[in-house]
Structures are given as structure tokens and as C-alpha cells.
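Here we start with a single chain on its own, the form predicted alone, put down as C-alpha cells.
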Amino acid sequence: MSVQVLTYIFVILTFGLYIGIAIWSRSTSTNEFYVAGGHVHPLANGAATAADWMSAASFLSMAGIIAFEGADGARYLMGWTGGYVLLALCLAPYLRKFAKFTVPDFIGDRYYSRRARLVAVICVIFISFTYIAGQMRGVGIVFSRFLEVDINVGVIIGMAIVFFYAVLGGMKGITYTQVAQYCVLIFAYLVPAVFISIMLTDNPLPMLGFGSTMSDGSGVFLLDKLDGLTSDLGMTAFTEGSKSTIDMFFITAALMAGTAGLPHVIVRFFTVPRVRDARISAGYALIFIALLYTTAPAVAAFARINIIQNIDGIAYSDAPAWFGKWEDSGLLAWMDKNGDGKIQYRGGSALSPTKPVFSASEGPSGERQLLNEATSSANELYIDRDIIVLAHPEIAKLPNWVVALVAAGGLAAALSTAAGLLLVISSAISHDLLKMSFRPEISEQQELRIARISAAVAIAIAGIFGIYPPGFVAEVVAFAFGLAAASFFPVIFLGIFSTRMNREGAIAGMMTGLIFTFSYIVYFKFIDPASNHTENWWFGISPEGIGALGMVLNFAVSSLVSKFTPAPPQEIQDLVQSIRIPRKD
């Protein structure tokens, strides 16, 4: 069967599974809608947490960025994985013991302030909508290629699916759906990686094949082979980085602290029965996450080798069918600059700016005529980083069922995180904004109805962000992590470990971190993108890493303001002391 038919079969089967789970686990109370009733088994919660955390950025975009950037891409591996360890050890058990529905709930009660709760709600909405833009774009990319529809249509289809099981099932439905989605996405990620590892190195474990010798009998190690190929084509060697040390440090720090401050991940630790279960589920989640994260660098290296060996130098007229289909999606483009009819993949950007713009006419070799080629570069091939994982099985000539399986896995990764984010937005509006702030008199059923309406509205807005994304999936997600690091992480950390931290300090710190980080990102990415270069960045820190500096400002401002304003009430100080005392359960 063709890739498209198999993809339809896999997508229909998996979507049917997700919807069936949502119907079976439909929420009937706000407790079930927000935290699944607090009765999820640690193993299931660990799988759901892994699916919630490993978004389209992890599945689709991370390996693509590593494939193109080489060693510089390690910032995502170190930042996201290290951040989860930070969250699991330093925050999750204490937040679970606090026993609240949401992060704004914790901040509102810990800082004894409705205003602090409202600021936290604003932060949640900013972070979640920034993050969800990357997920919806990932959904659109998968649908556009494998179901052969426009990216925007793909985003709308994804919106409809998420609407069904997120609005109907709430956290209870999302949790068990995410368990199924984790199984789908990890199987879809590992199967092609194992196939390709055997093809290139004879080693069935891709994380070990990454450091093995090539299977061609040359005795050359895979990474040495890749460095030689990239250097010969005028590119930076795969194992060499070009980013400055300070920028790498700040990006990694922003991703780590951002992970520990992400509201849709933190809420997962409220769904288990006991504090002990929160620790256990964090351990399970780390194991499940490691399966993908230890495989991603190998997938990146394998993909770069296969692109160079299977695409560079071939005649455009002999390009495989998948090449044209990715061209149709607008995520791959070729311009015959030297008129030889062959695809030249070289160092430098093929396009300026790096998104293809086609004219109605064909080029001299039958290619789609580009209007925005980078004439100063010898590179003729543009490849969107977000398609590497999806396109790689086709590039490596794997069976059609493997290609279709990867498509289903990409959708599972994007939809699982999108659902978690939508629920966070929904709960922030219905519970924190209305029930706990402006309309405390509403009944539980009214709150549940408002939560579902809020989720529906959030899905519509998320779709708009998916149709008009501000960058690559992983890049957009990195901005969300930066906003989380600059706003939430300091006040959560100090709220747990400092009895002197008060509401004035928390509000001032959150606002300072959020406004500074958001303004920096918006300026360099939207207002003046032409100036987005190292020489114009503050201290050489890119927009991806500025959240770490925003976090430092948050810590400084909140601590300083707290020092010169009244201490928290004694009952709040006693509460802070009590949540740090271990319990036997």
C-alpha cells in the first residue's frame, strides 16, 4: 500500500483510540477535569507526563536542529533533560504536598494575594499560547505532507481532534489519552532509528550506533564520516559548535529553569494520590523521556549522512517522489543556480529569507521558480528543519509502513502536549480567574461549563498561532521555556524554600521577568529582525537564552522588594515550613 493510504489507516486508528479513551474517561466534576481526581497510578502518570513534556519540538524539531547545527543543538538535550531533573527533585514533591489544582493556585495561596494569582494567570496564558504555537504547527506539517492537504487545513484538523478529547475528557481524559500517545510516539520514533542504525552501522541500538563504525567495512567511525562529508561540502563539522559559550550557557539555563516552571508539566504531579507517588511518577517519566532523548542525536547524525549521500549531486529529474511532495508543502525547495540540473547541497543558506517563495513559472531545469534565492550562496537546497524526522525514513528508503508510523507518532507528540496546554489555559481562566478571583459564588457545574468553553476558545486561538507561527517548532518552544524561566521558576522556588519571600516581591519579580523577556524576544524576532545578530544582543545572549537573564532579574527584584516590605504572615511562614517536611505517605 502507498504511504498515504497507510498514513490514513494509522491516523484513523490512533485518533479512534484517543477519542474512545476520552469518551470512556469523561470528566464529571471539576476535580476530574483539573487533576483527574488525583487517582492516577504513578506508572500511568509517568507515561502521561513524558507524552505531555515530549512535544512536537522533541519529536519533530529537536533532531532536525541537531542535524543542521551539530554540537550546538546539544543545548536542547542538556536544557530540557536537566530541567526535568530539576523539576522532579526540587519542585514536584513540594507542590504536590501543597495540594492545589494549578500553579496560579499555589502562587495565589502561598503569596496570600489575589493580585499575585492574577499575575500568575497572565504568565500562564503568555507561556501556554507561545508553547502551543509550536505544537499546532507540528500538526499542520504532518498533515500537509502525509495527508496531502495545506498546512493550514492540517492545523484545523488537529484543532478539531484536540477539541474533542480535551474539552470532553478534561485532565482525566487527557491523562489516559497521553498514555496511549506516549506508546505511539516512542514506538514511532525508535522503529525507524533502529532500522537506519542497522543499515549504517550494523548496531541495532541507535544510541550506540551513534558512536560505532560504518557498516561499509571502511572502519571509519560514523561521526568522523559525517565530519568529513560536511567539511567537504563547505559546512561546519558536525561535532564542532559555532555558538559562543555564554549564549550556549544561557540558552541551556533558560531551558532548564523553563522546564521546571512549565505549568502544564507541574500540574501532572497533582494527579497522583500521594506525595510519594509524585516522586515515583517523576522517576518513571525520566526513564520514558530518556528513550527518546538518547536516540535523538543518533537520528540527527543518521539523517545528515543520508541527506548528503542520497540527495546531493542527483539530477532534479531523477529526484524521488517524496522530494516533490515535500516541495508541495512549501517546506523543501531547490533552485538550480549553476544550470547543471543537479541538486547541490552546500554550506550557506539557499534562500533569503529562509522560507521559500515560489513564482508561477518554472526554473530552467523544471524546478519551482524561487523568488527569494540567496544568490551569494552555492547552496541550492532549502530543507525546513521541522521535516527531518518525518522525511528521514523516506530518504533512507524504509518501508512505507514505517513512514506512516512516524507520521502517526508526530501527531501523537504534538496533540498530547497541545491538550495539556489547553487544559492549563482553561483552568487558569475558569478556576483561577473566575472561581478564585472574580466569581467565587459560581457552582461546580458552572465552573466546569466555563472551563470547557475556555478550552474551546483557547483551541481557536491556538489554531491561529499554528497557522502563523513565529519560527521553527523548537525555536518557538524555546521562547516559551524562556518566558517560564523568567516568570514562574523564581517565585515557585523561593515560595518553597524561602519563608521571607512575600507577595510584593513575587509580583514585582514575575512582572519584571516576564516583561523584560517578552520585550527582548519581540524586539529581535518581530520589530527589528534584521538586527538579530550576536553583535546586537545584550552580553551576546540570543532571544532563545534571554529567559535565563530574565530569571536572574526576577530573583534579584523579588528578593530586593521582599527585603524592604513586610514579611509574610506567620501562618504563611508555617505553611512554607510544613511543605518541606517529608511525610511517610
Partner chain sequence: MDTSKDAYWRANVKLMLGLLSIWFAVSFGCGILLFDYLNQFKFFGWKLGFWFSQQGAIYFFVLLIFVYVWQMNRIDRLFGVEEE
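The structure displayed is predicted, hence computed values, not measured ones. Residue numbers count along the first chain shown, from 1.
This protein has a second form, the form predicted together with its partner chain, left out of what is shown; the following refers to that one.
For the marked spot (Phe210, Leu286 and Phe497), a heavy atom within 4.5 Å of its partner chain in the model of the complex is present in each of the three residues.
Looking at 434-442, 191-199, 242-250, 363-371, the stretch with residues near its partner chain in the model of the complex, meaning non-hydrogen atoms within 4.5 angstroms, turns out to be 242-250. Only one of Ile453, Ile280, Ile461, Val149 lies close to its partner chain in the model of the complex, with a heavy atom inside 4.5 Å, and it is Ile280.
Contact annotation: of the candidates Cys90, Ile308, Met214, Val457, the single residue with a non-hydrogen atom within 4.5 angstroms of its partner chain in the model of the complex is Cys90.
Within 4.5 Å of some heavy atom of its partner chain in the model of the complex lies at least one heavy atom of Arg274. Interface membership of Ser349, defined by any non-hydrogen atom within 4.5 Å of its partner chain in the model of the complex, is ruled out. For Met256, a non-hydrogen atom is located within 4.5 Å of its partner chain in the model of the complex, even though that partner is not displayed. Interface membership of Gly46, defined by any non-hydrogen atom within 4.5 Å of its partner chain in the model of the complex, is ruled out.
Residues Tyr293, Thr294, Pro297 are the ones in 291-308 with at least one heavy atom within 4.5 Å of its partner chain in the model of the complex, listed in sequence order.
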